[in-house]
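Given next, in structure tokens, is a single chain: the form predicted on its own.
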């Protein structure tokens, strides 16, 4: 077991939180050098929403990105990435023709150890992932790339505990609230300025077959109208600053829309941020293979500073920018 890291003399803070969905199609459409497949265009509404959010985050002083991804599933407790450097090839198991991404990631091990130590104090089951050959999940990589394509900030990644599968969504909510409170305490102890990233879509009933041309936007739409209405309900609560009401609705929303909120990422983030009562900034909403995705941020005004050289570049190589349908 890792020893407890030294406490920082400066109190850390969560300076922003983002709902940052991870369809691999968005990276595919950006044509960054790390991804092998090449596209013509696609999903501009969401990609431009990410560009808007990157512009906002570039004005916020921060040290680290803390991500909770639904595609790193663990069955006993929450695992926390704690290997200093990870470099490998990530291939999406469902979309290998769209996502074959060479990643090179630095991890804030000290913060990871601090989160683990605080969780242990509170009897929240956690484990440090210290395997140097660990394969980072594509949800973490897609969100990390779309938020910061230069990868010039370290990350900490938390796994999604499968408690909702073993018990129910209410138990998931309770556990994620405990984990959110512990994450906040650990960040404050660490002295870090952290941005939290809940890496998931909203409604998640997707198409069962793929178009011949994946980036053909004439074929892209929400799976059905009821899912759209549920997504709009959640987004309206975000825009109204009713984050607690939104979190209370998550069990029903998840059951009705098969949403990736089942992983607990949004609940974890809202708890860690003490349920913001100010409106979220909704940068955009769009569909990917029928799923509903919103790119949104919660950033207290006090966290903003002068713009930095932290790039908002998306890594687009093709030079093609077509309008949405």
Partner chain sequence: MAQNKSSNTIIKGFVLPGLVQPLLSPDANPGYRKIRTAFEKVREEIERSQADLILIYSTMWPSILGHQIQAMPEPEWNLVDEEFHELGTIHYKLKIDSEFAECYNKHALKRGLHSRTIAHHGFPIDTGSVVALKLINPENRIPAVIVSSNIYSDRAETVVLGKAAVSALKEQGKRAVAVIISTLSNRLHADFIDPKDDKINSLKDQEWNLKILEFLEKGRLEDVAQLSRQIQREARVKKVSNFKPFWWLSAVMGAHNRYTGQIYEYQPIYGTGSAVIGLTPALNASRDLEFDEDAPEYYTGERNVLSLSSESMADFSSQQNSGNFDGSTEMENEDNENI
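Numbering follows the first chain given and starts at 1. From a predicted model like this one, the values you see are computed outputs, not experimental measurements.
Note that the form predicted in complex with the partner chain isn't included here; everything after this is about it.
Though the partner is left out of this view, residue 79 does reach within 4.5 Å of the partner chain in the predicted complex, counting heavy atoms only. Within 4.5 Å of any heavy atom of the partner chain in the predicted complex lies no heavy atom of residue 282.
Proximity of residue 245 to the partner chain in the predicted complex falls outside the 4.5 Å heavy atom cutoff. A residue is said to contact a partner when one of its heavy atoms sits within 4.5 Å of a partner heavy atom; residue 133 meets this definition for the partner chain in the predicted complex. The candidate site formed by 97, 167 and 208 is fully in contact with the partner chain in the predicted complex, as each residue has a non-hydrogen atom within 4.5 angstroms of it.
Partner contacts here mean any heavy atom within 4.5 Å of the partner chain in the predicted complex, and among 84-92, 181-189, 230-238, 150-158 they occur only in 84-92.
Residue 73 is the only one of 219, 106, 73, 193 with a heavy atom lying within 4.5 Å of the partner chain in the predicted complex. Scanning 96-129 for heavy atoms within 4.5 Å of the partner chain in the predicted complex gives 96, 97, 100, 125, 126, 127, 128, 129 in sequence order.
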